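Take a look at this single chain, the form predicted alone, given in structure tokens.
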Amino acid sequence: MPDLQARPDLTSPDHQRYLAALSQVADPEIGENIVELGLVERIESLPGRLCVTLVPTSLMCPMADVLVEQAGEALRAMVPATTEVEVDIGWDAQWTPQRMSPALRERLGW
């Protein structure tokens, strides 16, 4: 898992369940799951609503729409049908290799 201590809002048991669902989504260009890549910036669980923000690996990420769609599908499969799931791309946040899990950084040679 990526270093979640820098993002303490992702360490609760509920957030861990959401991260487990999101880890089933692979970045189509890299083939690695979006949690290990450090693409999950924020998860906010509200009554009847789940909001997730992903960080693209580049400002020109051509697969952003695919990531949003697949992440939404993964989350909708685990929450009650009455829960609205909203997944967005945080274009203002900057992805760096330091966001990746240590194991993935090592495997990819970063």
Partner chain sequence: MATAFHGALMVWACFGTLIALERAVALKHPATWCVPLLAGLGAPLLLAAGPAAAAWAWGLAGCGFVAMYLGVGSRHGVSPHLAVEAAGACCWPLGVWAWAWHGDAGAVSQAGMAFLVLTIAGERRELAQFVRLPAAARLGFLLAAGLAFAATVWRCVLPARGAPAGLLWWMGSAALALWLLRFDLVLRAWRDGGWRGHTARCLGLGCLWLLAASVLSLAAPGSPAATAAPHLVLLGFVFSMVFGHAPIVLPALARRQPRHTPRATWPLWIMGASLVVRLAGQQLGEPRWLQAAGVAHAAAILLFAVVMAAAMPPRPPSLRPR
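Owing to the predicted nature of the structure, the values given are computational and were not obtained by experimental measurement. Numbering follows the first chain given and starts at 1.
This protein has a second form, the form predicted in complex with its partner chain, left out of what is shown; the following refers to that one.
Enquirer: Is there a heavy atom of G48 lying 4.5 Å or less from a heavy atom of its partner chain in the predicted complex?
Expert: Contact check for G48: no, nothing within 4.5 Å of its partner chain in the predicted complex.
Enquirer: Does P102 reach its partner chain in the predicted complex, with heavy atoms at most 4.5 Å apart?
Expert: Outside the cut-off, so no.
Enquirer: Closest heavy atom of E69 to its partner chain in the predicted complex, within 4.5 Å or not?
Expert: Although its partner chain is absent here, E69 would touch it in the predicted complex, with heavy atoms inside 4.5 Å.
Enquirer: Going by a heavy atom distance of 4.5 Å, is M63 a contact of its partner chain in the predicted complex?
Expert: Yes, contact at 4.5 Å.
Enquirer: Going by its partner chain in the predicted complex, which residues of 90-106 come within 4.5 Å of it through any heavy atom?
Expert: Residues within 4.5 Å: W91, Q94, W95, P97, M100.
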